[in-house]
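Shown here is one chain on its own, the form predicted alone, set out as structure tokens.
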Amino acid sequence: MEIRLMNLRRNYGSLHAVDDVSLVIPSNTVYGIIGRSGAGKSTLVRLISMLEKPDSGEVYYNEKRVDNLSKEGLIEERRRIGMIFQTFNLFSSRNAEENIAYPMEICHMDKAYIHKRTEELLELVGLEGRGKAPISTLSGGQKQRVAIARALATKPSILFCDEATSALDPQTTRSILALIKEIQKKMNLTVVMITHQMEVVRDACDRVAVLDSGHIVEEGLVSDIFSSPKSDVTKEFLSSLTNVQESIVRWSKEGGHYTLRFRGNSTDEPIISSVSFSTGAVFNIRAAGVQVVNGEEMGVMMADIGPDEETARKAAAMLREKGVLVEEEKKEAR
């Protein structure tokens, strides 16, 4: 299901939480919305999921406008939505299968169907035989798997994931993201992932919108955003990935006035050696690594270039000619 937002605004007093946001979320895709704390992510997802009404603007599911529905219409439309939360939001008084069954019970579905559907969902999320398990006996990853199964119980068209992996360790996060991607393909869902973690965008999403102070500052394919970020906010998010040891290693905390981004085949070519030989530039590499984004290799390197500014400019120009994105650290005004 395609989601279309037109000029959405939501204010809380003088705070413009969502300020004139227009966005198209394609159907049958995993779409990320990333922003720092206070950027407006949670408010935006509440507007998209019809939990709040915008002060102005419109929300469409395919060609149907949904922000102005009656109470009865909202209840009916929300049944096409599944939601997963950071804190799981499971009933501690119910076991795993009873938690999964709950949305179907409130829709007054047949008991035999509920039992059959619950067993299917337990198998889908890798919890076969754990249906009777009390919630207190499950790990964080298993709790999130129960929450995913519950969100899928009524066969929604849209799945919202609001910081769904923030409370999990890195290994469990990767397994949950892989599960969500697998489910999305099997069920042809539109998945909207709200996060402040660029790793989640890298590992799970097809497209991403970067939110800052209630505005969309950048939007596009994840591979394009990673290889050629435009906004300072996006660059800041990407720089945080240098702390992820399995992808990028930083062996010097000082320096690194240039960030070089390589894409695809350029990650395998001796570009630095070629540029150094041609221009006489000296590269002092401070950090480097290769990540895989949507199956495509993306290289990043943080370096100082010398021995002087003129040589550095020539080297940067030649790097750009060879398809490398070169970002220079902004110098503070004196």
Partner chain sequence: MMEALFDPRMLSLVADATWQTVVMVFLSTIFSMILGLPIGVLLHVTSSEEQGGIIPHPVFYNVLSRIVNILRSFPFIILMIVLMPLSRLIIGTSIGTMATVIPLSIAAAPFVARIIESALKEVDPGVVQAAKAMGSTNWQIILKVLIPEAMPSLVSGVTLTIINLIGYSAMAGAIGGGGLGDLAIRYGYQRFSPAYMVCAVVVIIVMVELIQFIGDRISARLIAKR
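Residue numbers count along the first chain shown, from 1. Bear in mind the structure is a predicted one, so any value in this text is a computation, not a measurement.
Same protein, other form: the form predicted in complex with the partner chain, not shown, and the subject of what follows.
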With the partner chain left out of view, choose which of S166, S240, N89, S231 has a non-hydrogen atom within 4.5 angstroms of it in the model of the complex. N89
Looking at R174, R130, R94, K155 here, can you tell me which has any non-hydrogen atom within 4.5 angstroms of the partner chain in the model of the complex? R94
Contact test in the model of the complex: R286 vs the partner chain, heavy atoms, 4.5 Å: no
The partner chain contact at H196 in the model of the complex, heavy atom, 4.5 Å: no
My question is simply whether P134 lines the interface with the partner chain in the model of the complex - judged by any non-hydrogen atom within 4.5 Å. yes
If you check in the model of the complex, is R46 within 4.5 Å of the partner chain, heavy atoms only? yes
Can you tell me which of 122 to 130, 68 to 76, 188 to 196, 201 to 209 lies within 4.5 Å of the partner chain in the model of the complex, counting heavy atoms only? 68 to 76
Within 91 to 117, the residues that have a heavy atom no more than 4.5 Å from the partner chain in the model of the complex: F91, S92, S93, R94, Y102, P103, E105, I106, H108
